[in-house]
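First comes one chain, alone, set out as structure tokens in the form predicted alone.
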């Protein structure tokens, strides 16, 4: 009998270590060169071994980062039923959206509910130094009003960053805001009036539903599908059928699914919006947090008419507490600036100066790479913990970026009941019905991958899994 190829023997050894838990989900494997050196094999043999494990779904390659162990295979949550997108526009009717603020204010729980990166994953010390330098350099300016549009140096930095992913942005069209949510709220206030219809994804971030409700708008929902993103064909049908004033879309790593909409679908979405006079408001909050390390193009990169308002923030990349975001206003820039002046006058000066200081002295991309790796590792570790400790039949999305993990519980389970049981044990999660207009997704919960992975986080996931089993 022919001897097994050397690469297959190596793959079998690594396969056994993964199956026994010696190599855990999210762990980085040795580089190809180190593996070849340690095992005294050729680089070609090392490559073949990793390719074999990659084909089996046991490991994954991340560009410019290396090979990592994947979690055990789990089915994805089922996509939103198409009939949900065919209903008439409705006002926001989800009473749970009012109560979510109570949970967000809790500081006595393991925060699996908060889609915010833990401070150890962020350049906190470097930012603290940037704040101090900004205060020392010009305390009078730092403690005074900034111009309403925001600091020119910061707007220049944002425009340069978007240019790197193919979006031609004029710094003069950028309005600095207090986070992405203010940018989105200003955009809605600028382009829509009470009673107008807006399109949202389903599921979508509950904060977008709250912003729409605050302005008395009606909603039509388009499915976002696990793994493939916004259903552009369904969106076009809805725009044909209804007079939709604005479409608030999160094509890059939808919260809560973490799905990425492809470039062809992005073009189709923009074309459909343009054909029906619908303003595309893009929530690009997670665009820089691609687990692959490759920043996907925003909608703005495909828009040549300035008809898209793109909103973003440094909250998920540098500091949630500094509250510095932006709106790329396009043809709506002047109107957005007026709305900003009428609401908050200007964004605080010191946080803007601190970010300019940080970007001038530090390697922004290096910090992003570290954050992306941590989030991608966490997503695999969470999925592995769910595979091991949650009830059979649980489905879990595999996000391509961001920091949300969408979980569908088995038939007979209830996300609200699990949320309440977890909270009683000092663990925060969010029930799935918060993420749709009518309170759909009753069997779902959303977790945050933004925590630093440690024994406390792992224990919390085990506890929630046991609670889910008991509730069944």
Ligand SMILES: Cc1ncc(COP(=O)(O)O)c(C=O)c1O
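Positions refer to the first chain, counted from 1. Bear in mind that the values here come from a model prediction, so they are computed numbers and not experimental data.
The next section is about a form of this same protein that is not shown, the form predicted together with the named molecule.
None of 250, 174, 355, 186 but one reaches within 4.5 angstroms of the named molecule in the predicted complex through a heavy atom, and that residue is 250. Just one of 179, 330, 89, 123 comes within 4.5 Å of the named molecule in the predicted complex, counting any heavy atom, and that one is 179. Here the chain stands alone, but in the predicted complex its contact with the named molecule, taken as any heavy atom within 4.5 Å, falls in 315-323 among 128-136, 356-364, 192-200, 315-323. Interface residue remark: residue 286 is counted as part of the site for the named molecule in the predicted complex, having a heavy atom within 4.5 Å. Remark: residue 115 counts among the residues lining the named molecule in the predicted complex, judged by a heavy atom distance of 4.5 Å or less. Contact check for residue 390: no non-hydrogen atom falls within 4.5 Å of the named molecule in the predicted complex. At the 4.5 Å threshold, heavy atoms of residue 205 reach the named molecule in the predicted complex. If you take 252-281 and check each residue for a heavy atom within 4.5 Å of the named molecule in the predicted complex, you get just 255.
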